[in-house]
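We begin with a single chain expressed as structure tokens, specifically the form predicted alone.
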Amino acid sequence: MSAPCVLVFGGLDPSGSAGILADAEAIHALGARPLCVATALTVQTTRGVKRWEAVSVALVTESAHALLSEENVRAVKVGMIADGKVAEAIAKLLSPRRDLPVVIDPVLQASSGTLLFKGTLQQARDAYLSLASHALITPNLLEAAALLGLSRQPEDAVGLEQAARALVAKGVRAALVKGGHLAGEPVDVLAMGGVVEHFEAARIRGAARGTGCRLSSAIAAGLALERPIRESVVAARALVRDYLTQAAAWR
């Protein structure tokens, strides 16, 4: 049997800071094998996205189908989907594989504010929610507010917990709402069923792109290795904190 694989759908960032190159790096670091299908090609550097184009739905579908048919896929990570039709194709591909754990990083827009979806923010939200049933979803503050239709982002740990619980109530398997952009020390909140846990840690000064990609992909790697969700989240958070520490040292 070949190594457990994580099938990744996401955008290609040529700089390697984010997108499927960052996904592959995190998955490999956690001991699984990455299989990456590009949903979008982007023009971007380590400073941000300049523009992007969606990959054809047919090419995304054929690439993913081939990998699912021939490789030892044990988990799926969905990042940038770029197009609602891609979301429909992914749902159809995964329908016969209910055994596969799915981690969704709802990439709605770049840090510059550029929408990373062909359509409106509401259409992007609906596309991600259509995939999120029985999946683990990892939104940041902006993404959680958009997914839930909130008028403002969560502002503290209580707001994060409320958002995580609300996402679970919508039918997701688990929700990890990330609070890295909160004032003060960061906290992430994980909700599964009726259980909620807060993960707190001292803030690492400095910034780096692609932390969300790495976190969700590392969680998917843990699930591919048949580790429980909580254990996978803990290991993924440790990987991202190491990445941030190294990035701070490079500056």
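Throughout, we count residues from 1 along the sequence that is shown. As the structure is a computational prediction, the values presented were derived from the model and not from experiment.
The form predicted together with a small molecule is left out here; the points below concern that form.
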The listed residue (Val73, Leu94, Leu141, Leu116) that reaches within 4.5 Å of the small molecule in the model of the complex by any heavy atom is Leu116
Which single stretch, out of 41-49, 218-226, 60-68, 193-201, brings residue heavy atoms within 4.5 Å of the small molecule in the model of the complex?
41-49
Answer for Thr120 alone: is it within 4.5 Å of the small molecule in the model of the complex, judged on heavy atom distances?
no
Although the small molecule is absent from this view, report whether Gly210 comes within 4.5 Å of it in the model of the complex, heavy atoms only.
yes
Residue-level contact is defined here as any heavy atom of the residue lying within 4.5 Å of the small molecule in the model of the complex; does Val107 satisfy this criterion?
yes
Look up in the model of the complex whether Ser130 has a non-hydrogen atom within 4.5 angstroms of the small molecule, and give yes or no.
no
